[in-house]
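The data below hold one chain only, encoded as structure tokens and taken in the form predicted on its own.
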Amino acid sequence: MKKNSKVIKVALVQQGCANNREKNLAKSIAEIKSAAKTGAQLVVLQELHSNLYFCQSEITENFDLAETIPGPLTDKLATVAKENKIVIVGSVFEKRAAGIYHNTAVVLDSDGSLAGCYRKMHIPDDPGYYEKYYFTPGDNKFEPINTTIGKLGVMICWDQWYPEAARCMALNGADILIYPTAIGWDPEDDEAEKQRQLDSWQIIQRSHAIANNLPLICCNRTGHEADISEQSNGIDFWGNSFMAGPQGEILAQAAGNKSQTLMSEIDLERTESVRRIWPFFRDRRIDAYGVLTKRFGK
């Protein structure tokens, strides 16, 4: 190991969720504590980890699941972070104001303080993922969150498909790209289609790691969750949470069909050495990228 290496031990908690908020959160907290005992300094939880994925249906009463920040969920995570001296990335269905709700990632620092939050910027609206009904797009402009272990480039699920988002986080100084996620298959998809989707999901994120020379953490849900409206067959969340290094190499990967806490070490200093041999940032033609600020080119 190099003298100037800054290695941190990280964990992500991939879990199946039940229709029981307290049970889901208790499971997450138990896994956080277990990871801390084995030396983890950072734990990442999946998207909307305290509830079932309620966005499969448009139901007005689901807005009652939302809470403020700070609020009950962040208070609990703050206590766990402080007691275990660990940084936690959690997920909250946030009520920001009357009629304004966000899908929000929160970062609790190792002293229990709220280091910051990120409100999901890209909001999907597809069969089974009716998020535009619930979530207002974020307005935080891809700013990393400062913590005791580094600057965390936290984004959420649908954001992970956009190279512009990852690049903005990198340009703003992120040390790690982090994606709490809730993605899965339609049970009616055939096996070939399922494999194409899973491969695309991992490849696009590994490409963000490569293009920005940054380590990446993606924490996904797992297990089948029914559509309570019975308009569809529900979602089979495909798990496969993973961590990648700054050349896109897989450091660790979870199974697809079970709850699992995944752990690995990440050397934050590798970004410097990789950028010296792959100088993508040096060679960027910033004078020629104006089209990126348009909806479409010609």
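From a predicted model like this one, the values you see are computed outputs, not experimental measurements. All residue numbers refer to positions in the sequence shown, first residue = 1.
Another form exists, predicted in complex with another copy of the chain; not displayed. Remarks below refer to it.
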query: Another copy of the chain contact at Q197 in the model of the complex, heavy atom, 4.5 Å; finding: yes
query: A81 within 4.5 Å of another copy of the chain in the model of the complex, heavy atoms; finding: no
query: Non-hydrogen atom contact E164 with another copy of the chain in the model of the complex at 4.5 angstroms; finding: yes
query: Touches another copy of the chain in the model of the complex: V7 (any heavy atom, 4.5 Å); finding: no
query: Contacting member of I149, A211, L73, C117, with respect to another copy of the chain in the model of the complex [4.5 Å, heavy atom]; finding: A211
query: Another copy of the chain in the model of the complex: contacting segment from 44-52, 30-38, 60-68, 242-250, heavy atom within 4.5 Å; finding: 242-250
query: Joint contact, A26, D111 and R221 to another copy of the chain in the model of the complex, by non-hydrogen atom at 4.5 Å; finding: no
